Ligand SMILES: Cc1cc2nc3c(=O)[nH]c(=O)nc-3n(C[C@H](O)[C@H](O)[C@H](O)COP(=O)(O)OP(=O)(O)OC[C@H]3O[C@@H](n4cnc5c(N)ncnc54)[C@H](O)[C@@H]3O)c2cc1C
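Listed next as structure tokens is one chain, alone, in the form predicted alone.
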């Protein structure tokens, strides 16, 4: 045994000596090592390899508290954007079936939804994406390592396999793109033991049944929306406001539509505990924060959507002196994604002050790779990033919220053009369109540069993606008026707006 221990110490000394000598000579195993195989990390690694760099990617998925795990591709591919949009589509199809009867389709028998069929199809698609990412890395000569990565110094990464085997890699530059994971509340008994998160919902083999969604972020509202849409009894518990950080007028339209659509809301309520009953159901106890009264109800599932935490704890950043925001746990970075330690970079959800969005991580990763590998000087522009909330009535925006525009320019320094419109598709189906709304926030005076655009309605993301280009070109209200609309579309209503909030006139669109 003593001999074995001496052997281990010799092995460790050899490894550290090899690392030390490589750092002195400047010879590294790789030009770039990326820790994190999500959308951003993969984009960065492939771009660097295309530019002639020797690149390795370390990716390891720690199973969720419920044991859910998945393959290469990160949150977006496995437990985020992709499965979310597909399940949102399932819900939209349910609404379309109801509309179809008004349009003359003869649909006989009871129409119902089968969770296992949908889940299997979504999960199979995600697995195909996992495989596709592995093939792409191989084609682009990026070394993929299914290892949990941590930093030993500014040029050295330790990879740990599931079996506990260590692999040491050295690199000229190290990039951290590990993203984040959903949080559980730590002060609520039974929360982790009995609840699930967005890391689990898309991989359930059977229907979650009657569900309580705790939290009203975009994740919570999107999940509640598609659960309601496929026919499940769904309640959203909101402690304060919905869609914090988004324009609050638009947030109210989204939740108003959801309530009319069938989602229940428990406003100004806070969960107190979760208990499993002998029947297997979950009894949730909560408090009405306005009255102080306590309430109880039973559910089949409790989904926590109370925020996300950055995956920084296991990286060994404290030992290297990588600066973190103590409140959020995120890495403090410069405009060029550099950290406080030379040769170590970070981007995406792991970075302080960055949008938690897949497209920004992908673009930031590519630009970082070009700066490291091709002497580029182009920085990521985080202004005017468009995004969409895939709730039953979709909401998309780009630029400033009305609240933020007022804060920056003053109430008298902005002009808000707005319109309530009715999608043509809603007419025959006799659907309520009272929450279909557009507003464009402009600077007051001059050419009226557009500061923000907000849209609720069908295909909101598709509509807003096009207008987002205008923001990069300095779009003004005059440019909107000069643009010919495509008739009959919802998007054309954006270029027809002429009523300001300030005027007090009725903003309801009538006629073509």
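Numbering follows the first chain given and starts at 1. Keep in mind the model is a prediction, meaning the values are calculated, not measured.
Below: the form predicted in complex with the ligand, not depicted.
Residue (of 51, 65, 61, 468) lying close to the ligand in the predicted complex, criterion heavy atoms within 4.5 Å = Filtering the options by heavy-atom distance leaves 61.
Taking the ligand in the predicted complex as the reference, which of 155, 133, 439, 84 has a non-hydrogen atom within 4.5 Å?
-> Residue within 4.5 Å of the partner: 84.
With heavy atoms only and a cut-off of 4.5 Å, decide whether residue 349 touches the ligand in the predicted complex.
-> Contact with the ligand, yes.
Indicate whether the ligand has at least one heavy atom within 4.5 Å of a heavy atom of residue 357 in the predicted complex.
-> It does: once the ligand is placed as it appears in the predicted complex, residue 357 has a heavy atom within 4.5 Å of it.
Does residue 185 reach the ligand in the predicted complex, with heavy atoms at most 4.5 Å apart?
-> The answer is no: residue 185 has no heavy atom within 4.5 Å of the ligand.
Indicate whether the ligand has at least one heavy atom within 4.5 Å of a heavy atom of residue 202 in the predicted complex.
-> Output for residue 202 is yes: heavy atoms within 4.5 Å of the ligand.
Okay, which stretch from 419-427, 72-80, 318-326, 93-101 lines the ligand in the predicted complex, with non-hydrogen atoms inside 4.5 Å?
-> It is the stretch 72-80.
Stretch 183-222: residues contacting the ligand in the predicted complex, 4.5 Å heavy atom cut-off | Going through 183-222 in order - heavy atoms within 4.5 Å of the ligand in the predicted complex - the hits are 198, 202, 218, 219, 222.
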